[in-house]
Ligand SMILES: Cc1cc2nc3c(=O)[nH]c(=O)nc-3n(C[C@H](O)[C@H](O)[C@H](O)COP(=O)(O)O)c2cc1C
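This document starts with one chain, in the form predicted alone, laid out as structure tokens.
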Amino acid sequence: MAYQDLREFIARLEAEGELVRVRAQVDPELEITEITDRVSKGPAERNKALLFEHVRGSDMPVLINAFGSRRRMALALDVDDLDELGRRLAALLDLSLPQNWGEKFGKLGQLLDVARIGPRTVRNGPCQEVVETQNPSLAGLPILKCWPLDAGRYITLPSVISRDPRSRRRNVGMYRLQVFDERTLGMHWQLHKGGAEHERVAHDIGAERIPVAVALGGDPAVIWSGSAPLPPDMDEFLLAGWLRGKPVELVACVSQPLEVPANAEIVIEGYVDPNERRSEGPFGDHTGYYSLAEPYPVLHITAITRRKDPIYPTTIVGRPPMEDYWMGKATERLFLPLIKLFLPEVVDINMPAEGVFHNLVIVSIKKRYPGQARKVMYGLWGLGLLMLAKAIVVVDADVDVHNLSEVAWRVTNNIDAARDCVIVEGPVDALDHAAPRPNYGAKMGIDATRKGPLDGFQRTWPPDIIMSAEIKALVDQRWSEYGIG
């Protein structure tokens, strides 16, 4: 069942023992970050969502770490486990023809379900219980300063909504926003993201302003969908509706020609001038390093609307693992069937926390012919934002890609560096500080699969060391006799 809003999700977290209410007064400058960092990296029993009820300088509570574990991310998207996301999408993408009437009706039902979950506009919503159009100000929002060298306070968990100035198609992205003052924000939409594409189109057609709305809160599926790397022109609110099983309700903005989630907590409306840039950053980023100051667009605020008693949702990023890792893990599990659609030999994929999404992709394949591992590498580099993957490791189908110890063992044993390592150049993430120039650099592919005659390997490949099933069963049966414990 879909959550109506953030409050229903908070109630679910509390009922499941996944929320701690912090009643002590805390400072939004650095203190909340240090508390949350200890919680997110601490023992599993201490890793909870945190609701800070008394934040210095604001009367709004702050929710953080709500997506910060596999279980809470599953609760957010209302599934028993994140792998269920991939199974649901795989069933929807099943392109085989129905073989009987039962299968035909089942496929028709799936398609009708998708047709029913598109976003719909309503006349009003809780996000506009309070409307500020005369001198709207960010002053009352408990916006965090996360790390000591940050350039200031940052909004970090927004749904940033804009439209392509030419096609009018909507994009929803999750981009950090630096507070310059009470009426302006730095808009950090990176080169490869949908918002930046809208800026390029605005330049092309000579548009003077790009209307933008920043929604905070709402159904957790709506919040998460802004982080999903969807194909261009696919509406993130459609994805959220599919996950929720019901449409996302939208309400018209009060000062911009856009629609926002009706059940959001806070909405910031404004515009970006495509010809205006201002230094944004530094910012302690999800790579574990500070991203340095660079020129980015400026969001000028024209209105702020909110609930009467809003809750401010936020997150922090930094050295992993942190909350954003689990948001990325949901993306990985959901999009695995799409990857298999284009690369059917793929068995599983893992983007571990240590690789901060784009630095390391481990993929297992059913290998049948020479060069197949390289074909998969190049195929992944050609799929959407996987073009930014800095290192791709390909292993055999029987390797557990989520067991990093096993992966490291296979890689270090199975590769010949001259034969199995591929170096290519191309786009890299904007946050890649090691690249010799911005947004462009080298990437590595490693073929760690077994080699044989099809690969031109003339030696005998040794078998794995595995105990016989009979001896395993014998030892299982007699274990208590050994007195080992």
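Please read all numbers here as calculations on a predicted model, not as lab measurements. One rule holds for the numbers: they count along the sequence shown, beginning at 1.
Just so it is clear, the following notes concern the form predicted in complex with the named molecule, a form of the same protein that is not shown.
Practice item. Please pick, from Arg244, Arg72, Arg176, Arg410, the one residue with any non-hydrogen atom lying within 4.5 angstroms of the named molecule in the model of the complex. Key: The residue from Arg244, Arg72, Arg176, Arg410 that makes the contact is Arg176.
Check your understanding: Since exactly one of Ala228, Leu82, Leu238, Val401 fits, which has a heavy atom within 4.5 Å of the named molecule in the model of the complex?
Key -> Contact with the named molecule in the model of the complex is made by Ala228 alone.
Exercise for review: Give a yes or no for Leu385: in the model of the complex, does one of its heavy atoms lie within 4.5 Å of a heavy atom belonging to the named molecule?
Suggested key: Although the named molecule is absent here, Leu385 would touch it in the model of the complex, with heavy atoms inside 4.5 Å.
Check your understanding: in the model of the complex, does Gly125 have a heavy atom within 4.5 Å of the named molecule?
Key -> Flag for Gly125 set to no.
Review point. According to a 4.5 angstroms non-hydrogen atom cut-off, is His188 in contact with the named molecule in the model of the complex?
Key: Taking the distances in the model of the complex, the answer for His188 is yes, it comes within 4.5 Å of the named molecule.
Review point. Pro297 near the named molecule in the model of the complex, any heavy atom under 4.5 Å?
Key: Pro297: no, not in contact with the named molecule in the model of the complex.
Review point. Out of the stretches listed (301-309, 208-216, 341-349, 168-176), which one is close to the named molecule in the model of the complex, meaning heavy atoms within 4.5 Å?
Key: In the other structure, the partner sits against 168-176.
Review point. So which residues in 140-163, when you check the named molecule in the model of the complex, have a heavy atom no farther than 4.5 Å from it?
Key: Stretch hits: a single one, Thr156.
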